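Have a look below at one chain only, the form predicted on its own, in structure tokens format.
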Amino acid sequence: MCCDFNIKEFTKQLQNSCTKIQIKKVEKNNTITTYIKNRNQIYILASGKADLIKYDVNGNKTIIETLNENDIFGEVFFPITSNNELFVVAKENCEVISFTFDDIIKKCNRTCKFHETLKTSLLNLIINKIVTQNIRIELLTKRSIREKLKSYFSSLSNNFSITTFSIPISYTDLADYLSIDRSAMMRELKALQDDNIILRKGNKITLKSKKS
């Protein structure tokens, strides 16, 4: 995270200080928001994890984005051009900050230093959002399951500056995130291990080689 915005401290302080920004708690598996009716709303995940998901006409799920603490989201970052509704669903109990564009521009009724903190930190949060979306686009441009997996593992390795790491989501969710069949993905994971490119134990991956 390139932003030094302390989301926990901000959330704690603004509860009694800011009249423009709302805080809500969302329990695991509940919908935080949808991207078809809250067009002017912006959200920051103060705690917990969530997924932005889409279902096609056959009911197949695609994870468009995984969201973690400090991530900013909302329909403004993913404009809807059809009747396909997107859902942000809590993967665990979450605390969410919400506000509108107007809330950022207008001043609070009180003198609110926390509102000003958000205004100055918003650019960094948006920059991080753009970086995350670019990584997602790069993953989806890979033509094969193997290349998608290798690119995903490489991004995790670079983020943590280590060669051994745990996949932060389930294999089912990973298949949805990469838009690939789970069974085919599991076969490719085995092939990657057989080719001595990775070592896999549960959800723990070790990168062993840069061979194709």
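Think of the rigid core as the biggest set of C-alphas that the two forms share within 1.5 Å after superposition. For clarity, every value in this text was computed on a predicted model and none was experimentally measured. Each residue number is its position in the shown sequence, starting from 1.
Keep in mind that the form predicted in complex with the DNA is missing from the display, and what follows is about it.
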query: Interface segment, criterion being heavy atoms within 4.5 Å of the DNA in the predicted bound form, picked from 41-49, 64-72, 150-158, 165-173; finding: 165-173
query: Output flag, 129, 136 and 138 jointly within 4.5 Å of the DNA in the predicted bound form, heavy atom basis; finding: no
query: Exercise: residue 181 in contact with the DNA in the predicted bound form, heavy atom 4.5 Å; finding: yes
query: Contact of residue 144 with the DNA in the predicted bound form (heavy atom, 4.5 Å); finding: yes
query: The DNA contact at residue 200 in the predicted bound form, heavy atom, 4.5 Å; finding: yes
query: Contact test in the predicted bound form: residue 204 vs the DNA, heavy atoms, 4.5 Å; finding: no
query: Exceeds or equals 2 Å, Cα of residue 138 between the shown form and the other one, core fit; finding: no
query: Residue 129: Cα shift of 2 Å or greater between the shown form and the other one (core-aligned); finding: no
